[in-house]
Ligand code: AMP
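Presented as structure tokens, the chain that follows is alone, the form predicted on its own.
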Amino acid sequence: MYKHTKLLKVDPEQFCAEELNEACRILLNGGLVAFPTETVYGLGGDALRAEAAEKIYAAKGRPSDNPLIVHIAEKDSLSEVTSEIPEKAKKLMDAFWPGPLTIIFKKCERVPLSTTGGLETVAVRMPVHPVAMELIRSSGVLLAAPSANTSGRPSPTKAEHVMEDLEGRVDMVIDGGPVGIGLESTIIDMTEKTPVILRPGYITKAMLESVIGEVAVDPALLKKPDGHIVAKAPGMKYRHYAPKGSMYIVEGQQENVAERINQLIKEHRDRGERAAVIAAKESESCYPLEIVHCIGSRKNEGSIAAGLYDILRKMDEIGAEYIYAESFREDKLGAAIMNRMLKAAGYQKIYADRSGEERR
């Protein structure tokens, strides 16, 4: 445990490299620095030092078979961590880097197995956030950086989220204000004959296929994970993003969803239990004002993505014992939103359009 975590505030739109000098020294000495990216805040350590990866796992309480993503600032840096770069991967890099896309390659010997979760592949991305890019460039360190939260908790979209989870566990947190996207990067495995999406994100399947043709989706994304799968990418094997209360995703026609949720809320109130509702702007008026929390508008999926983790943390702040969340369409960005919500709920669903047994 660290005696004190330093907090450094910077303006992403107007800062100089010298402001990051201390953060760079920490990384060069094998320490840990949390920093903003365009997706969520990351917890960075030297990707090529096994002890730095071990510190990351310890700080997060993260299982060591859950791979870390290596963040780079220049495409040339790929030669330091990969053994080969497929032509289709080069096309994706040209189209989406820098940006919220993580690509899985075959690793080279320099990358320690502690960084890759014991795998012979390595996940790499180039963030677009100016603070993240400058931190990598100025330090000269390739950063292994999972989300900067306690393992299993909602990912951090603000520096205060990081401090809430990791104060006293890391050397420094760089506060660059709220992030933009609010969901982790899309992950695509380019070591297979047909590229495979291992985690949906802002870069959608349709966007990827427009560049390289056919792309598959890993079947593990479509069902509750179990302890027997090999985690090819972060977030595949363990429960993630979870609030402390018991959370359910309620699916069905909107009027049935509202009716079922309100019935459940009444039952909880009658038992003296604290419940909350996560709803879209268009339907928040269907629920009691004092327990409904608006996640964003269905007309703007970006607003839902950006507010998701903040609202899940809000559930803990208010002490919600039971949480009922409306479901969202799984096309476009909705696939990434529902992926995170289902994981947060432990895949617990209620089917409001059905009679009889509804939960699973």
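Keep in mind that this is a model prediction, so the values were computed, not measured. Residue positions are given as counts along the sequence shown, with the first one as 1.
Here the subject shifts to the form predicted together with adenosine monophosphate (AMP), a form of this protein not shown in this document.
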Handout entry: Triplet I72, E134 and T157 all within 4.5 Å of adenosine monophosphate (AMP) in the model of the complex via a heavy atom
Key = no
Completion exercise
In contact with adenosine monophosphate (AMP) in the model of the complex (heavy atoms, 4.5 Å), from 213 to 221, 162 to 170, 277 to 285, 192 to 200, is stretch 192 to 200
Exercise for the section: Using heavy atoms only and a 4.5 Å cut-off, determine which of I265, V257, L119, L78 is in contact with adenosine monophosphate (AMP) in the model of the complex. Expected result: L119
Practice task
Let me know the one among V33, A320, L68, A325 whose heavy atoms come within 4.5 Å of adenosine monophosphate (AMP) in the model of the complex, would you?
Solution key: L68
Problem - Touches adenosine monophosphate (AMP) in the model of the complex: R62 (any heavy atom, 4.5 Å) - result: yes
Handout entry: P146, heavy atom within 4.5 angstroms of adenosine monophosphate (AMP) in the model of the complex
Key = yes
Practice task
Using a 4.5 Å heavy atom cut-off, state whether I261 contacts adenosine monophosphate (AMP) in the model of the complex.
Solution key: no
Exercise for the section: Using the partner position in the model of the complex, report whether V111 sits within 4.5 Å of adenosine monophosphate (AMP), counting heavy atoms only. Expected result: no
Fill in the blank from the handout: Across 93 to 113, the residues having a non-hydrogen atom within 4.5 Å of adenosine monophosphate (AMP) in the model of the complex turn out to be I104
